[in-house]
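First, one chain by itself: the form predicted on its own, in structure tokens.
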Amino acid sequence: MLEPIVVTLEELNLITLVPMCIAIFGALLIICIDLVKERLDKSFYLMITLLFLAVDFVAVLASAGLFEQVGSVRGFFDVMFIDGLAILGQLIIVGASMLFIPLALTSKRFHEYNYPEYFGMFLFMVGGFQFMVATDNLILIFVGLETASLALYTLIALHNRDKSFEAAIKYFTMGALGAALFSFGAMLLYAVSGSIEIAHIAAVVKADEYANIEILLVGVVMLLAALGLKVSLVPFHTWLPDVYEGSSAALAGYMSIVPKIAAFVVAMRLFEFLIHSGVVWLEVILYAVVVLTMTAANLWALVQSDVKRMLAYSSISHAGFVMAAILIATTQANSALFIYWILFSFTNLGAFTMLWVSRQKDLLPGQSSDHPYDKFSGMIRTMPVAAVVMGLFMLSLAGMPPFAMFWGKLYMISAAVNAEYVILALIMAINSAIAAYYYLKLIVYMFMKEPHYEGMQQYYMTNSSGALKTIIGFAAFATVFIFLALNPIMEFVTALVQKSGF
């Protein structure tokens, strides 16, 4: 007779679950409060959400302190895995969420914020993304991915416009395809290794000297396709511009940051052990995907007539730029990935939030979409402060010194050069030059053209609020002056990445 296995609380190491549980508990609390007391003001739920996010952020920082003392930590039957990548991923996820959620204190016309369920779903989504990055167990990655995705579909649909329902359905359809591909890819990796833990899979396939390389190839390609759908890599990007257009501008900016960093961390864990082992076919596939994503997305962005769709294609190009770090697979490149995405978070969320400020309920005569370039014509005369701030974000996205994204691109390109990916570095530099054209195009409209639509100033005045101005101001300040704090950020990120063995 088999003896029962005794598991103690100390062995479970439940502290590894604390940050995610804070977000999940906050979501459940909001739903329960709404059941007991209806029609409470949205500011009450916003404060609860922001409080739990702040506590969550502190808990992640505490995990960073623990990691620096004892190294990587496993917990809860070894499915949780807290290392430097998990900590950095969670800091970006929770930090960007803390920047986004105060935008709920804006004009009443954005009715989705009046639903308590919005804030509950938002915290469920944050918890799901945290689970994704804080494990190397394929099943838990899948559970976290689906938890976050299902909540995100709902947040998109709550915007309650015709394009919002279309966007939610498209995102749901592509998400279902991604879930199927991830499941089949994980099954094939389990077939060749007998494990669902990425570290153990890497050890087994290396010990077997890649005896089942054909099955491994199919499984990895399926997983790459699944993550490509989340990161919006070409050719898996087709859903993204329509989904961004149907979402509120602020949520589109959030979607361009948080889901992608979670997918980048998972991709780093999945693919880099194969790259370090010299599996050439994976390097070739990733090289092609990275170059195609950067270049094609930039070319599509060049021909857009709507600023929101331009920024959507721009975010695809940035995803390809950052995916290059996983191809390069050095400590400097992996550190550059996180530094780039931290800087991108401030700039891109700020840019999309500026679109949020200018959103109107009904299209004006002759207006074909919410945010055509003509809408921003002559903004320097009608709204000079808004024009200057939007110009700062565009210059940063274009990689102009000394703004935030210049340092991110410089660090990423230098990582490629140091790893002897000189041609890739040249392609990255050329794509940065191409991208500068469509970013500067918007600046030309704002500063050098006559106003096209009458009465646009009223929309900026109506949609502005103290919280919104504070978030935009903070993002603009970080975009301009982040270089003053760049060295401490680089040291912190590099130390965590090095200690994680990446």
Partner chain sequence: MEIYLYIALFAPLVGSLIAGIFGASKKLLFTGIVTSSLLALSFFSSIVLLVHLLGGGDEIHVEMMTWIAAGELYIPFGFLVDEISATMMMVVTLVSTLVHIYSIGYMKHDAGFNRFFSYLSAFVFSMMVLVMSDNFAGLFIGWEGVGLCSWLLIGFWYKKDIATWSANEAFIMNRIADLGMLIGIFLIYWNTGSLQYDTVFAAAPSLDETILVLIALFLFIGAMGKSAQFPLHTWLADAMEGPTPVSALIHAATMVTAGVYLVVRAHPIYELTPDVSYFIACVGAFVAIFAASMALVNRDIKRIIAYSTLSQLGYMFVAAGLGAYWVALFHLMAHAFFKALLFLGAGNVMHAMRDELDPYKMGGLFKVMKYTAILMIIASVALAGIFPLAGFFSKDKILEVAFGSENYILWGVLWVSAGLTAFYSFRLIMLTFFSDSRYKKLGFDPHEAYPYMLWAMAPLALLAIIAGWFEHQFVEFVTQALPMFTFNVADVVWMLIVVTTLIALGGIALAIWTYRDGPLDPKWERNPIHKLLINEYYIPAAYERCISRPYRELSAFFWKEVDLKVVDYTVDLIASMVYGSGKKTHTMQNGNLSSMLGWVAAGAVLLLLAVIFSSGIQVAG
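All of these numbers come straight from a predicted model, not from anything done at the bench. Residue numbers count along the first chain shown, from 1.
As for the form predicted in complex with the partner chain, it is not shown, yet the points below apply to it.
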Exercise for the section: Using heavy atoms and a 4.5 Å cut-off, decide whether T49, S183 and S193 all contact the partner chain in the predicted bound form. Expected result: no
Exercise for the section: Using the partner position in the predicted bound form, report whether M187 sits within 4.5 Å of the partner chain, counting heavy atoms only. Expected result: no
Problem - Residue contact check: E214 to the partner chain in the predicted bound form, 4.5 Å heavy atom - result: yes
Practice task
Would you check, heavy atoms only and a 4.5 Å threshold, whether F77 touches the partner chain in the predicted bound form?
Solution key: no
Handout entry: Residue contact check: L302 to the partner chain in the predicted bound form, 4.5 Å heavy atom
Key = yes
Practice task
Among 124 to 132, 262 to 270, 229 to 237, 374 to 382, mark the stretch whose residues have heavy atoms within 4.5 Å of the partner chain in the predicted bound form.
Solution key: 229 to 237
Completion exercise
Answer key, the partner chain contact in the predicted bound form at 4.5 Å (heavy atoms) among G84, G350, P241, G408: the residue is P241
Problem - in the predicted bound form, the one of V388, A429, V218, I423 near the partner chain [non-hydrogen atom within 4.5 angstroms] - result: V218
